[in-house]
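Presented below, as structure tokens, is a lone chain in the form predicted alone.
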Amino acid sequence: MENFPSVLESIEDLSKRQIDGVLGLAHRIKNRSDTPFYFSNKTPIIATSFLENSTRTKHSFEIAISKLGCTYIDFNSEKSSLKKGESLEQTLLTLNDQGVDLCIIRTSVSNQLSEFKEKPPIKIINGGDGVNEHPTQALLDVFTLIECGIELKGKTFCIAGDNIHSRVGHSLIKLLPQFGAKILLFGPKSFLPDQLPKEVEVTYDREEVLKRSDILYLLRVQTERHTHNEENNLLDYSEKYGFTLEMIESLSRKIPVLHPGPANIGVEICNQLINSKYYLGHEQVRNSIYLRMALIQAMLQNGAKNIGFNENTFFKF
């Protein structure tokens, strides 16, 4: 894909044209109307390196890699030289020297991958970095809405929950305005960022959310990232900020409910709602395969020539 980045760290690394191209490719792959990915000289080797736990993202990338016919390596950081003090850059250069073409990385360190943009040690897709961004999740969320025939332009998209710690929430805030959506954030005050784009609205009133929202996107409370002071918000979170099937059914219009997972049932969402026709979480998981297949294909075909160690600087004996 034309000028596709070698390091996809943020939604801001993609132009609207590239985003539309990836979404279109994902649609064609899903409907089997796109020609199979052709490897001109060798079968690509793709690694995943998840330095934080994951089910949905890691496994969907694994399946996407398999469906594309690529060779897959599950890079185990716990048994690697990272545990001996090697830097992430040197580890990635080593993978590149061994013939790995692309690495999908999840890290607990926010913005850790940005340092690789100027001189990429390997092609990289951000699988979620700290509380910074999760661009592939945001892209598959928009893809799911489009595939379900849900228009985004002019619609109010409410992101409810732990927005300050949500990397996918941060990516959605950058992505949704490109499709003409309005953004409304909801949750306890301590769960909402202090600095937001002026076009993003905030409310602490659940009734306002139900009245105004066209699309409801729920986030779990990320207790693993909270301080002890923030824990107090969990005591009555469900009562004040959670959503139930009864609430959605009481509306005069029906709104889709999305969740990036994992969902904390009984906290931000009830079991009845997660098993209802309004919940698109299972569609998000299914569509994640096609969207990530499209992203991998775009990354592999971008023709970057500045990857890894520059052999021209190496002294020839």
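Position 1 is the first residue in the sequence shown; the rest follow in order. Predicted model, so just to flag it, every value in this text is computed and none were measured.
In what follows, reference is made to the form predicted together with a small molecule, a form of this protein that is not presented.
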Contact check in the model of the complex: 6, 96 and 308 versus the small molecule, with a cutoff of 4.5 Å between any heavy atoms. Do all three pass? no
Segment that reaches the small molecule in the model of the complex - one of 196-204, 145-153, 131-139, 172-180, heavy atoms within 4.5 Å: 131-139
Find out whether any non-hydrogen atom of residue 43 is located within 4.5 angstroms of the small molecule in the model of the complex, and reply yes or no. no
Against the small molecule in the model of the complex, would residue 287 count as a contact residue? Criterion: heavy atoms within 4.5 Å. no
Can any non-hydrogen atom of residue 261 be found within 4.5 angstroms of the small molecule in the model of the complex? yes
Would residue 57 show up as a contact with the small molecule in the model of the complex if we use heavy atoms at 4.5 Å? yes
Considering non-hydrogen atoms and a 4.5 Å limit, which listed residue (275, 66, 53, 250) is close to the small molecule in the model of the complex? 53
